[in-house]
Ligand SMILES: Cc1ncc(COP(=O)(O)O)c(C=O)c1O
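This document opens with one chain alone, in structure tokens, the form predicted alone.
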Amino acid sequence: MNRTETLRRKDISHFWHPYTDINSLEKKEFPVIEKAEGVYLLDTEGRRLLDGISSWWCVNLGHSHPDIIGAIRKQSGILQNSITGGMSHTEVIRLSEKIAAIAPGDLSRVYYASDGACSVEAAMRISIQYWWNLGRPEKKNIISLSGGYHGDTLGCVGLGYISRFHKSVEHVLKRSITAESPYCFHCRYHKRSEDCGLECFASMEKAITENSTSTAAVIVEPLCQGAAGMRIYPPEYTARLRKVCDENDVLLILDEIAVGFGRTGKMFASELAGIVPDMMCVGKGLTGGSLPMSAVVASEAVYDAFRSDSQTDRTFYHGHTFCGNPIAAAAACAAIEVYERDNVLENAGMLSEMLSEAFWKYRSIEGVHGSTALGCMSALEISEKRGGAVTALQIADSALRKGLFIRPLGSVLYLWPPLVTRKKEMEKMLRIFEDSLIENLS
């Protein structure tokens, strides 16, 4: 038995994989990754695999970026952890200033967590306590989009809800009020992008106006509902949402955990929509995908509502052991400096053009139901007539054999390359992707 097979056996004996069917995994010769560099994952057999999904949409700056690794090494020898309740440390101060400088509008107050779900939980709780602090405790509900995905805690699962992921816990959830998803691959109004009037927004507007007196906030993934199947939708939807929230005295939370830090072609998706939310959740690309860290970035108005007066304690009693961890903060500082210094958004623009051109062309392949791209996000859906999810999985397996790692969401295949991918590497990803499509759909 070779080393890789020995490791696989140890893996299936002890490791519980997320979002993975146990039975099928135990029958597969899955890759065992040993190291990574740039846009490549290197497995224990020496194969170099192009990381076509940026390791769950977070490794925006590529693997093992020397600046980030250097910052982690340096900080780990100085200060590994320090409580941030009632005191501070140099790295979290430095990072907070950097985030405030690049965040849209007046978003300048940064609350830290460890992962995306925890930042969303914090944002929900902030929005509810915000209204409680202002003497309006009846404003306690959250509105979200159908198919929304905001993390895996039970509180987050109640936002949007995806049946194939969550039906086993549906009976214990507190569900949010949900509006119709802007699902462009399967438009209920039979519109195309060129004649879309955002008819789907009527459902959201109705949900807000009918529930405004009891609603604390609306939360959406702007421009792309990721786990729902890469549902990319127009920026105008988010712009209209900002207007309706303002008109109805409802806070707007944008979950930019996946789409922030350059993924849409702008630093943040809200910039494409031309709006500023009341709160923005960020994560994944915050540290360049190197260490777990997330944050809620809030406006001054939201923050000021938590100032106590002589009669009322308005402290935000919520926090995590590693809130603002010094090593993760140092990594995030280095990552933000790389985003700003190395023309990452300019390179992302080049990749965006390549993805848009390729995914438009893929529409002509028989068996492709639809395809779309925005920034460094692209998605393609396999027709149910061609096997849908089964075929998508077969295409991903073919791509893996050819040296490209992708992971379908049901019948949807997608490419989310690192933003630092070079032109030749992108050409190789697209060539393997297309070859795998034709091989399985022809």
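All residue numbers are counted from 1 along the displayed sequence. Keep in mind that what you see is a predicted model, and the values were worked out from it rather than measured.
Form predicted in complex with the ligand: not shown, discussed below.
Checking 151, 229, 326, 265 for any heavy atom within 4.5 Å of the ligand in the predicted complex turns up a single hit: 151. Exactly one listed residue, out of 179, 208, 117, 344, brings a non-hydrogen atom to within 4.5 Å of the ligand in the predicted complex: 117.
Partner contacts here mean any heavy atom within 4.5 Å of the ligand in the predicted complex, and among 69-77, 326-334, 368-376, 250-258 they occur only in 250-258. Although the partner is absent here, residue 57 sits close enough that one of its heavy atoms falls within 4.5 Å of the ligand in the predicted complex. Taking non-hydrogen atoms only, residue 221 approaches the ligand to within 4.5 angstroms in the predicted complex. Residue 284 is the sole member of 271-287 found to place a heavy atom within 4.5 Å of the ligand in the predicted complex.
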